[in-house]
Structure formats: C-alpha cells, structure tokens
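What follows is a single chain, given as structure tokens, in the form predicted alone.
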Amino acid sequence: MLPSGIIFKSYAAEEAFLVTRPQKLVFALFIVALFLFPMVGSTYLVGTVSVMMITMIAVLGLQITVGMAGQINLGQSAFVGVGAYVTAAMAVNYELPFWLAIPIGGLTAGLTSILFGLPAARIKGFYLALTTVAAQVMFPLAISRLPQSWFGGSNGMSMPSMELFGYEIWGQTGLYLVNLCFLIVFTTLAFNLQRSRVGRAFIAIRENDVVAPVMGINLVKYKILAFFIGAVFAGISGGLYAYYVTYVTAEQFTLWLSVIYLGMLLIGGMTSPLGAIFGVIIITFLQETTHEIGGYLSGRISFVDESVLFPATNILLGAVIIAVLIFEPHGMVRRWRIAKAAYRIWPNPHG
C-alpha cells in the first residue's frame, strides 16, 4: 500500500523497494547512521553489532536455501566453518589480503555444499535434513585429519590482522566498518535475488517441486544452486568471523550454532531476507539481555552463576521459537508489514 499519486511507468519502478523520496531519504540517513555508529557507541556495543552483522550474512544465506528454495539445511554452521578455515589458510599460508582470502573462503564453502546438495535432487524433508547434518558431523573430523600444514589440525589457526593498502585495520571500529560493507553488499544481493529469474525458480520449487519441472524449471540445477549460494554467504560470514575472533577452531562451528541460525530465521520470517535480519536482532537482544540479567543476579543470588546463563539462554530461545510458531508462524516480518500498512493508512483505517 502506497500513498496516492504514485504511478509506475515501468516494471523496474514497480518492483523497487524504495519508491517515494521520503523512503529514499530515510534509508540514506539510516546507512549514514550505521557508518557513524562507532563514533557514539561503546566498544562493547560496537563489537556486539559487528558480530550481529557477521551472523546476518550467514542467516541471509540460510534464508535463500531454506526460506526461498524450501531446502532444509541443518549444516549452515559447517559451511561457515569451511569459509573461516579456508580464509585463514589463504591469509596464513599464502599471505593473501582479506579482500581476496574471504571471497575464496566463500567460494570454497559453496563448492563444498554441492556435495551435500546433490541428494536434494532425490530426497527432501526429514531425509534431506539428515544429509545436511552429515556435513556438520564430517566438518570437524575432516579438519582434524587433514594435514596440519593446511588448516592447523585440531589446534586451529591464528589469524593475521586485516590490512588495506598497507595499513593495518585494527580495533572494533575498523572491523565494524569492514563487516558493514560486506553486509551491505550481501544484503543487496539477497533482496534482489528473490526478484530475479533464479529467485523465482527457487520460489516455484518451494511452493511445489512437482509442478515446477512442468514449468520448465530444472530441479537438480536450481536445488544445487540454492545450496551453493546459501553456502557462499555462509563462507563469507565465516571469513569475517575468523578475522574478528583472530583464532579459528572447529569447536566454534557446532550443530547447535546451525540450530540457532535456523531459529533466528524462524523467528524473523523465512520468506523474506528482512526476516533473517529481524531474527538476528531479536535473538541477539534476548541473549544479551539474559546475560545482563544473569550478571546482575549472580552477585546477589548464590545459586546464579555462569553455569546457569547458558541453559537459561537456550530455554529462552526455545520458548521464543515455540511462541512465534504458535502465534505468528510467518515470523516477525509479517508483523512489520502489518505495522507499515497501518501507518500508511492512518488515521483513516477504512479509507
């Protein structure tokens, strides 16, 4: 629903996300505010937002595979790990700059996903989920058994600092700006993919993979492509994460992390990239709030300590997912659309 007087003269104009001048102005101010945020935010808050942006890229990739194409993936964390390790190997063993090492890590994760995307041509649902879990199980085993000179074996790998044009990028502010630039690029790709020929093919497969071939859609090609694109996003996220934490180990990329990614997508909304962004923000807010409350109570209640925080966070996450599935199965992105429509017709809700 748009203000009166808006007339579209082309299909591209009708499909644009930003139509009116106020929308474009507000969006431009929002982007500027994101770049200026490190100047006003604390170091801890800037670091938290930086991790959120890294996570958003991984969940956006999951939205393409699961939400857009309808292919279950419980191994997204493994593909994040592949991207992290390959990025680390490129940076350490071959001394490549981050702007080359991270894309190579992303492409490697995408190529790796093809091995686990091939079964999607014949199976789906629960059995496909088990296949992707296999990726999660095999990832740490492969890392520990490959030559130590490649990925450091079970000891992991230490990351060098980012450098751009000979200058070292250090501190939360520098990493924040790099992560923000990557997020803008991959968010733009995710939003535009769903309106492309490939995205429409993904949606057709998600809606009915029996009718899709009748419409001329190559199921094998597009199902594998959905895994590939989603894993490339995951690999890019892994590369950024490797530079952020400065040390990569296989224990950082667990099945539980894949479940958290999927939970974020369920809460935000699976059918839109905006749902992935909302999900990451909501879950991160809940996690940080739980830790703050736990830290406050730990000094006042004897039985509340660090060992209680992790289970409490998991219980809260599970409760939120159940509540969303019951009361808003389409995710919080639907609530956002309803709020936008209500705002645009206010104060004449029936006009």
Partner chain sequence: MRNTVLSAKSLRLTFGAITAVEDISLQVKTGQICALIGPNGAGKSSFLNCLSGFYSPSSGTVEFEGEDITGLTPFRRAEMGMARTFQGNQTYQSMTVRENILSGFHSQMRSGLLGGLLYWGGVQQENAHFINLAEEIIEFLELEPLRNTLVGELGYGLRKRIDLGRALGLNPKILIMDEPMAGMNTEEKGDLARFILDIRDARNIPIILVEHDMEVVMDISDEVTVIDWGKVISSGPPDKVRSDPKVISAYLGGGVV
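Numbering follows the first chain given and starts at 1. Note that the structure is predicted; figures quoted are calculated from it, not measured.
The protein also exists as the form predicted together with its partner chain; that form is not presented, and the subsequent description refers to it.
Visitor: Among the candidate stretches 154 to 162, 167 to 175, 102 to 110, 212 to 220, which one is within 4.5 Å of its partner chain in the predicted complex when only heavy atoms are counted?
Guide: Only one stretch qualifies here: 212 to 220.
Visitor: Counting only non-hydrogen atoms and a 4.5 angstroms cut-off, does A204 reach its partner chain in the predicted complex?
Guide: A204: yes, in contact with its partner chain in the predicted complex.
Visitor: Would you classify T246 as touching its partner chain in the predicted complex, given a 4.5 Å non-hydrogen atom cut-off?
Guide: T246: no contact with its partner chain in the predicted complex.
Visitor: Does the 4.5 Å heavy atom contact test between L225 and its partner chain in the predicted complex come out positive?
Guide: Judged by the heavy-atom cut-off of 4.5 Å, L225 is in contact with its partner chain in the predicted complex.
Visitor: Is L183 one of the residues lying within 4.5 Å of its partner chain in the predicted complex, judged by heavy atom distances?
Guide: Flag for L183 set to no.
Visitor: Do heavy atoms from each of Q252, T284 and T289 fall within 4.5 Å of its partner chain in the predicted complex?
Guide: No: none of Q252, T284 and T289 comes within 4.5 Å of its partner chain in the predicted complex.
Visitor: Quick one: which residues from 191 to 208 get a non-hydrogen atom within 4.5 Å of its partner chain in the predicted complex?
Guide: The stretch touches the partner through N192, L193, R195, S196, R197, V198, R200, A201, I203, A204, R206, E207, N208.
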